[in-house]
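Below, in structure tokens: the form predicted on its own, a single chain.
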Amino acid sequence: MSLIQEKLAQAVGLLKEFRIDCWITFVRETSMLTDPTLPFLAPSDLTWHSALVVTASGERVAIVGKYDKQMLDEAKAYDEVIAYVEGFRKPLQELLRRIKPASIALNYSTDSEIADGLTHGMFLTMQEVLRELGMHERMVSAEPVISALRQRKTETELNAMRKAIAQTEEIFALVAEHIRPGMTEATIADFMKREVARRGLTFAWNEATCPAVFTGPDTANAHYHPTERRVEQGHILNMDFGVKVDSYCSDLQRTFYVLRPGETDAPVEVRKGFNTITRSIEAARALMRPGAKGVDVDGAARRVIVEAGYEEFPHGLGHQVGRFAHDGTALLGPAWEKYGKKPFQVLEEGMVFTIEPRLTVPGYGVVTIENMVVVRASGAEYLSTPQTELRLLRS
């Protein structure tokens, strides 16, 4: 069974779960402006107005332009693929008259970017189509369906992510043997990029900041490109990096310490910072199970860091990962305005999260670790190999 077939079957169950009769993904010219949900529903871009319809009764119908029909026929994921030449309106209205849905879910949301793929213009078009049928008041947000579809990973999806993680960890191990004092952040990143190319992989996010490399104190800390800043003895060095395998991402961060002459271990301040981070991660992971809220998980990690005497980190503890490095509605985060309702979403089995607290060790740099876990019925299980020891780099 292909991933599209898996996800469409999953969607039918979700419509039943959320008591929604019909879900329509409505798109056009998706090579230019796509819906984030489309890769679960079609193997390639769609050109003309297209309606991909799934019902709670199990019916799956695609209404597409004539030249997209064969592609969807070959996917063997839809019970019927209806091709049109002049316009989509008549076949879509005929379908809706037949199935008589009491609720029609569309891809819009005020709180979740993954569920907000319907453009305003396309919303107005669909509203007009439904008004002609007297069904325009039946429109509801598809956010619960889309969120669950992306967040509840199948084994096919988890296996792709495990492969991406394995590749990422191998490249981290290689670059750790390569780093020497005097190298620049950009030189280190270039080594990793060459390795990505050699393996035929792609980056988990924009190559300009993947990998991100930060050495020593007073750096940009996150979301910034590698610079000509040089690695020095006595620096904390950290890297944020991920790749894609079979369209699924990894997203990991690792922290190193560059030994000074005569040092056999990191200074006590650096070790304390690193150990605080590992304790913070485990405090969070211990709370992660179905039904928990991200705001509580974030709070557990944050308390460990503050109680150890550090400032709290200025971001959420962790995000979901999937086809994008940041993927999913539920978030491990505080109750801050920018996160909206995301931290209050409950965790569900199959969700994949990062756990990535950070703290600053004055005079040395930033300590941060980013691990990936999957939520299971019994708790959070590591997908990545957790960094539990500070990696020491020698001259």
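All residue numbers refer to positions in the sequence shown, first residue = 1. It should be emphasised that the depicted structure is a prediction, and the values quoted were computed from it without experimental measurement.
Another form exists, predicted in complex with a further copy of the same chain; not displayed. Remarks below refer to it.
J.: So, in the model of the complex, is Gln253 in contact with a further copy of the same chain at a 4.5 angstroms heavy atom limit?
T.: Gln253 lies outside the contact set for a further copy of the same chain.
J.: Although the partner isn't part of this model, could you tell me whether Lys293 comes within 4.5 Å of a further copy of the same chain in the model of the complex, counting any heavy atom of the residue?
T.: Judged by the heavy-atom cut-off of 4.5 Å, Lys293 is well away from a further copy of the same chain in the model of the complex.
J.: Does at least one non-hydrogen atom of Leu118 fall within 4.5 angstroms of a further copy of the same chain in the model of the complex?
T.: Yes.
J.: Does Phe344 reach a further copy of the same chain in the model of the complex if we count a contact as any heavy atom within 4.5 Å?
T.: No, no contact at 4.5 Å.
J.: Pick from Arg289, Lys163, Arg152, Arg89: which has a non-hydrogen atom within 4.5 Å of a further copy of the same chain in the model of the complex?
T.: Result of the distance check: Arg89.
J.: Heavy atom within 4.5 Å of a further copy of the same chain in the model of the complex: which of Asp246, Asp111, Glu232, Asp190?
T.: Only one option qualifies, and that one is Asp111.
J.: Every residue in Leu33, Met71 and Pro314 with a non-hydrogen atom within 4.5 Å of a further copy of the same chain in the model of the complex?
T.: Yes.
J.: With a further copy of the same chain left out here, work out from 102-110, 274-282, 234-242, 154-162 which stretch has heavy atoms within 4.5 Å of it in the model of the complex.
T.: Answer to the contact question: 102-110.
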